[in-house]
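Only one chain is shown below, in structure tokens, and it's the form predicted alone.
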């Protein structure tokens, strides 16, 4: 993964647009991998699904709270990607009160598949989803990689720790000290 360019994918997002009017003023907007990753240094983290317990209780809220610490270490943006559609991701973001972390809907799992992280979670009734991982991506290239152990289809556990924001912050701080 290290040194690899992120895959070129077009994400189907929904963005608020008051010109649409009505009670649901959103429109479709295509956003590319280049839009998200080129010309900036970002943290991307992926998780099995919006509204799931570990993701909603720890991972996403902790990234949201720790955003200022990431920015102080030269991170321009934090993105959360999941194999969920734009409607689900927007509802989840609203329920979490996000202000810092941007959610990326990978509805068809194309980006996740091309990253080599798509796994079956049929044992949970999820179908194909992302394995939990995170990366520091600099100008579209993977600079650091944090993958949870046990990558497999229908894993009977949900490992979490390696891709936690606390672990990534520690790695970024030690990298800064070494520089």
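Since the model is a prediction, treat every value here as computed from it, not as a measurement. Positions refer to the first chain, counted from 1.
Here the subject shifts to the form predicted in complex with a small molecule, a form of this protein not shown in this document.
Although the partner is absent here, residue 53 is a contact residue: one of its heavy atoms lies within 4.5 angstroms of the small molecule in the predicted bound form. In the predicted bound form, the small molecule lies within 4.5 Å of some heavy atom of residue 126. Per the 4.5 Å heavy atom criterion, the small molecule in the predicted bound form is contacted by stretch 53-61, the sole one of 133-141, 24-32, 53-61, 112-120.
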